[in-house]
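Two forms, one chain: they're shown below as structure tokens, one block per form, named structure 1 and structure 2.
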Structure 1
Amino acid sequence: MIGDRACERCLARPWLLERLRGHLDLERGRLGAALELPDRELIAAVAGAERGSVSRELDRFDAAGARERCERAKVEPVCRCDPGYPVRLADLAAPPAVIHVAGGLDRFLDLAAGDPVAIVGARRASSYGLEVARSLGRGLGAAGAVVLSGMALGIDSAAHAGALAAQAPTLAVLPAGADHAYPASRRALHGRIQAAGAAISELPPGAEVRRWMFPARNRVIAALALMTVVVEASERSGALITAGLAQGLGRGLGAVPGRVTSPLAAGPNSLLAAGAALVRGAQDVLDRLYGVGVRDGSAAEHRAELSPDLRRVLDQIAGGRDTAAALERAGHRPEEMLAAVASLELHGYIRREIGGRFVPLP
């Protein structure tokens, strides 16, 4: 029966968080402390004038109603009293009392135990970042690792999509209810993630999103993952919060280097400077997790051999002559150059981006 793996006491906690959702947009740093507080103290600390009424409502908490709500939304709750509750989450100072799982509880518990790797990064990512995230997702997925992310626009979604493209399961930790997609434009991806992996959330199904839920979600990602890889992030990105939490929990941390001129590379580059593992591809992550050469990440499909001419053009693109105009300046006739890039594109070596830039595919 749905709900029999979450006890009544624990189920009250997500209810309370949802009830207090309007009170928890606290300034930076205080949220973590607030989430550590037991129910009554949390009410006293944040509920303000509603203190009395929330407290009375908590007294009358209807666990059966909460279970029924989960059942209707086809979401299975598992609480921290359950022996199967992911052990790594218990490392958190304030582990989620209940994890709500959409897409199959047993599968989630298996995947969570299977060393997930978090891939996180900017929403407004560059095409380079998206490409790297997708390729990391694909490579890790193909090598049997579980890709974990937050299903946000940009890097997160690209990582999930990459894993799904490799027919590998993937885990999404959602800020609000696990039963509906946030952002709503990722509904299709949400469906595919549930079909192949699981979407989880600390909050009960149907909960509406609030600002505080994003850092709260990030702590779940950081704790659940064996290693966190930051692909692209500006200085103030939420991905850096995840990275900081992961480091604090003693998890592995990796970052993908970017162009030093790009604001999106500021986050990962500064992580690298501070000692994060350099991630150039799935193999780097696998080497870090399992030891060098233990698992093979060369899952990229075999591509046709290139003629010397095409190889030269590809090298020039990779070397920064990555627009048609730049290639012309390198001395190619326009007809030949256009035919060459179309050929490289057809064989999956590059992709043509908006704005006319060619991106070499990993």
Structure 2
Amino acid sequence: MIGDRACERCLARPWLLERLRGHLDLERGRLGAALELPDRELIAAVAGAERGSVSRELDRFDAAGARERCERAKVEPVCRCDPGYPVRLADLAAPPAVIHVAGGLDRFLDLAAGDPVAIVGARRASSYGLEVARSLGRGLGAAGAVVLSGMALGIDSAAHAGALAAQAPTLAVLPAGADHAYPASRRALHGRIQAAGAAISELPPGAEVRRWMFPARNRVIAALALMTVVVEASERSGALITAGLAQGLGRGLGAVPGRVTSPLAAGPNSLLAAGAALVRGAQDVLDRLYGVGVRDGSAAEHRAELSPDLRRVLDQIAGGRDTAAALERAGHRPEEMLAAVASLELHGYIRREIGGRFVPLP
């Protein structure tokens, strides 16, 4: 029966967090400290004039009703009292009392016990960042690593999609209920993640998103992952919160370099300057985790070798001559240039964007 792996005392905690959702929004500046408080102390600290009523509701908490709620949503909870609870989460000062799993509890526990790699970054990512995230997800998935992210727009969703393209499982940590997609536009991706891996949350099914839930979610990503890779992030990005948490937990940290003039490269470049591992592709991550050459990530690559002429065109596109007009100005005859571009696109080295720009693929 769903709920057998979550005790009554632990099940009360996610109910309480959901009940205090509005109050916790006011505590984002000290959210970590608030989440460390036991139930009664948390109520006293944040509930204000509702302290008495919330305490009485907690006294009447209906564990059977919480289990039925999970049953209806096809979500399986596991609490930190259970021996199968992910051991890495115990490194947190405030580990989630319950993890709610959509997609299969046993599968999630198996994947979480492996070597998850978190790929995180900006929601409003560049085409370069999206292609790098997809390539990392695809390469790591093909090599047997579990790709972990938050299913947000941009880098997160691209990383999940890359892993799924390699027919590999992937884990999504959601800010609110694991039973529904957030954002809603990622409903199809949410379904594919559940079919191949799992979507999880520390909050009960049906919980609605509040702002404090995002940094709370980030700590779960950082703790579950053996290594976190930041692809693109501005200086104020939530991905950098995840990176800082990962470092604090002693996890590996990597970053993808970007143009120094791009605001989206500010976060990764700062991490690299501070000592994060340079990540140019999946092999860099695999080498960092397992030792140089121990695990080969080349299985994800099926692209043909390029002739010197095609390599020269690709290098020019990567160097900024990324339109037909720019390539012609570089000395390519139109018919030869169009044939070269078509060949590069056919073999997966570039992608043509709306407007005619050519984007190199990792």
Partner chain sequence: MLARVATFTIDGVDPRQVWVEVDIRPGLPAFTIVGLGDAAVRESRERIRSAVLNSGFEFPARRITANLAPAFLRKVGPGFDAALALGVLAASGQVAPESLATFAVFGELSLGGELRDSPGALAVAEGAHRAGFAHLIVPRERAREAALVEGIAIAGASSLRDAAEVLAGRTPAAPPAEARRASARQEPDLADVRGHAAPLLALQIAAAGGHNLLLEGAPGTGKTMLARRLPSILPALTRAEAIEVTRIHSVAGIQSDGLVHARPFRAPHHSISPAGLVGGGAPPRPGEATLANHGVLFLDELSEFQRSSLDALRQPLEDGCVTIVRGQRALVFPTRFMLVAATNPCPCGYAGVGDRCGCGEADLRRHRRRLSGPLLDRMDLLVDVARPAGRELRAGPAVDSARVCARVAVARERQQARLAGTQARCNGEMDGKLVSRHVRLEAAAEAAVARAYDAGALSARGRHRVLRVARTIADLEQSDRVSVDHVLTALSLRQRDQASAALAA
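Throughout, residue numbering runs from 1 along the sequence of structure 1. Between two forms, the rigid core is defined as the largest C-alpha subset superposing within 1.5 Å. Only a predicted model underlies this, so the values are computations on that prediction, with no experimental measurement involved.
Only structure 1 is derived from the form predicted in complex with the partner chain. For residue 356, the Cα deviation between the two structures after core superposition amounts to 3.4 Å.
Core-aligned Cα shift between the two structures at residue 27: this is 4.9 Å.
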